[in-house]
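Next come structure tokens for two forms of one protein chain, structure 1 first, structure 2 second.
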Structure 1
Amino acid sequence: MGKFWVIFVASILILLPFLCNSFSPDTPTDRRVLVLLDDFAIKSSHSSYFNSLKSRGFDLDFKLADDPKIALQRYGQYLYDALILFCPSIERFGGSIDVAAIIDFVDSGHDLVIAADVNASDLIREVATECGVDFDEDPSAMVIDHTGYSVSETEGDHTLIASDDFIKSDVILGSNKITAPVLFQGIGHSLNPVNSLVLKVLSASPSAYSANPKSKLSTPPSLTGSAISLVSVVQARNNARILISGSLSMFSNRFFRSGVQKAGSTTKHEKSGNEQFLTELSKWVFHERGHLKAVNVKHHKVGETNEPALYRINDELVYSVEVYEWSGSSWEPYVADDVQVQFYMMSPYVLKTLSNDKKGLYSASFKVPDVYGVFQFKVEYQKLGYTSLSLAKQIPVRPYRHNEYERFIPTAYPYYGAAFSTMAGFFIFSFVHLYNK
């Protein structure tokens, strides 16, 4: 054990430069993942999911959620890049982990996967609430759908749902279309519609509702229809990503392997969509996809190459930035036609779409407006599924210098004429007046 620690500390020391920043600009993909479990049975019952992560190079560290030795950080450094909470019933974490520690973990840019379930503990609910997801407050409620359930041999209580209402985003769910419905059994949650950071990835059908299947429904259920979200993702402002699911069992080997036939539908799929859905989603959550970086922000006058300290009004300038997308192993040029730059002073004076050369270089050239002040080059790029790019570069714009105005204005020639003729006339008058006695 002692030897192990020595090696561990040594590896930490070697890795230290890389640990300082979770998204190192070179490789944003997470590497070390802490998995907290209710009991180690989950490790084998959900092994397909874990193996798909391992095969993609993740270093999974399985711990019991109430293990008194677990810790997210040591000496101010985080030990992990991501956290998977497969422990829906835990009431209190072991070690130094609590809600605040998990939230701090996210706020410092790390990723989080939460799987809740029926009878999810207050602790898990609290973490979810902090992230903007509200689970049904009735602890024993499940999502029930009498039309969208998954057909099985035994007519159950229709809590095993087959849902195919996915978010339409290739970035989040991959470019291959998920054909088979996803099996879901668990608790539903709702999102605040004004919350712009959280996205419904898998929502329930309009006929679904959330209630306790064992008791008779006395009052109308609080959550109904497609307002119920089954799986949601959050991308925080610091681009940390969070996956929240109301069902732990949807990650299980059993659901991965089972066939699915949606009620009312004749097509029977040999294999449920769970594996494809969750694998693709995990690629997004762990930053294997949809991560952008902007580098080499440059601006200069047309015809020059050096970046000036300030511009003059009405200068012609060129602004360029390089945008790359992380493909999971390397940075590829990001190609889009909707990246815009603003020349901004309290409001955008210039708003221009950047043109790209398909190699990641975006550029635009425009004229500085006829207004002086402290401007900013702003690129605010927020696209569904991608990390947000927010670049701001301050640049003052000065008025003309005293000798940059035109010396003679054509419209003023009558005035010049008037002034000089008066001077000449005065001279002649003086001459005549003085010497004509």
Structure 2
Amino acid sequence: MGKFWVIFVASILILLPFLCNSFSPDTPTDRRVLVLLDDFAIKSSHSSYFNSLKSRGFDLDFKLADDPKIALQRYGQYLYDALILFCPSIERFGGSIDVAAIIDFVDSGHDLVIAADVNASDLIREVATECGVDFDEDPSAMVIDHTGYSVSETEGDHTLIASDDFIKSDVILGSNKITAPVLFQGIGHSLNPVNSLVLKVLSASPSAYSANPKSKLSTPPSLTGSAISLVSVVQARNNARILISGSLSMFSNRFFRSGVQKAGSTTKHEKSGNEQFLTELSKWVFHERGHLKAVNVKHHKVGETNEPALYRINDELVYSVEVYEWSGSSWEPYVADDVQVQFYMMSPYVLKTLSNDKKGLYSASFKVPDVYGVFQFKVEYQKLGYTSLSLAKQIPVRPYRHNEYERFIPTAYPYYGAAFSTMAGFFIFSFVHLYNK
């Protein structure tokens, strides 16, 4: 018995640090992140990016991708809340990690960052394909742009691209405009047209194409123009977020600090837009921005405060919900004019836009339809860059009882008049017929 308690206490002590630092809906930034590397040298060559995450409260755990002891979960509990794959050339993960384990990790609501390069292995390509993007099938192909390249002392093969074709979303990239182009050197990918959850965050210019820069083109390239995505993001239906980049170098200190001048432009920037771009993008990927929560869902009859067990047809009711957005340090009221509620039974009988008080409270009043059955209050809110809200609350609606109807229904007055006029006519006819000589 004593040995059992020793083992139990030891297990709790092992798991306690992980449980204390795990993702919490109340504080989404208290997270543990597993970083898998090809080489520990990446830890220093990309230290600016990692230090940015650490300064915002993330606990990074660096491991070699082929470490035989690495695992995403233990005793059925996930040890990490996010996974960063900076190991483009890895042929096989160590420990219990494989493609299926990574997909299960995302399906459980956790976040993922994938950085590939020209040496991307089939394993990394398979993970990316499962996430909704397809890297160029040619293993030696790189993105080339003869008009959108970055000007340097040695012109080279124009694979060092200066791109400024960003997604137009303040939620994903922040409200501060990125003025300097982003340096990119790597492989391009295309989005799976079937997957509507994938978004281009950084696109290639119309003059770009994907090919082997060291050989002449013998066939037309499979990826050309704006169809090439350099950096993409995915927000799954369970609100897990994924970042996919075709360049590991764009995260490096060298690219962060490099000056940039785009070909054809006279403006030379002292510093590339990489640091601002990837820092702001990481805030979105790790739920520091665009993360919504809904609380205090209520409904009641007009003039009352208690929530009833059921409604009667034609009742006047009020529906309310509070919506907040995580700002990185606290929950702030979310203000929008496009949040709607449905009163739903097989199809929406009522669709109302909720008004807000600028303090996070959304409400609407409406009349229960003249149809009885089992209804639902439904809020299905999906907006670019924000986590989706899906709220449902079931409530039955009954018809009038027999003693709740009006004694005389106004719409039946013509029928009342017809019945009494028929009786009066019959009486007059009978009187005339009997007493007429």
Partner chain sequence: MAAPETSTAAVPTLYTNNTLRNAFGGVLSFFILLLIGVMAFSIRLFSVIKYESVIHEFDPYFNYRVTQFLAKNGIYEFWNWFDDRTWYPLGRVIGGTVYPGLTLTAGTIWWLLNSLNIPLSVETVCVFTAPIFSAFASWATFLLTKEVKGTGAGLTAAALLAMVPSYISRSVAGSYDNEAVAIFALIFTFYLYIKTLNTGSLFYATLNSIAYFYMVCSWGGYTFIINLIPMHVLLCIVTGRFSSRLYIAYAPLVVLGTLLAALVPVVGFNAVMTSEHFASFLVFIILHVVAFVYYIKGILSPKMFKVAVTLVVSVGLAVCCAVIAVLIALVASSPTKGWSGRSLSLLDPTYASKYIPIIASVSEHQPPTWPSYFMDINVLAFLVPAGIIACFSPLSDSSSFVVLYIATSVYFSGVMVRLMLVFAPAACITSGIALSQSFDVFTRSIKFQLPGISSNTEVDAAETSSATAEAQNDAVKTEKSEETSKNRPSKKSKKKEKEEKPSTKAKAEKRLLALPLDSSVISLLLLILLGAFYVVHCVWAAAEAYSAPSIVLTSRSHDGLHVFDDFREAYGWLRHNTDVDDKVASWWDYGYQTTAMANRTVIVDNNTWNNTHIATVGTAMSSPEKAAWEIFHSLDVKYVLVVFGGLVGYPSDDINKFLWMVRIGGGVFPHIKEPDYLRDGQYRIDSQATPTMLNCLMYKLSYYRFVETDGKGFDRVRQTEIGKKHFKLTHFEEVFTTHHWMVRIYKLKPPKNRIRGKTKKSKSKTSSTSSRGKRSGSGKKNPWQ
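Computed from a predicted structure; not experimentally measured. Start at 1 and count along the sequence of structure 1; that gives the residue numbers used here. In this text, rigid core is short for the largest set of C-alphas that superpose within 1.5 Å between two forms.
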Note to self: form predicted together with the partner chain is structure 1
C-alpha based rigid-body angle between the two structures, smaller part relative to larger, in degrees, is 34
For Ala419, what C-alpha shift in Å is seen between the two structures once the core is overlaid?
7.6
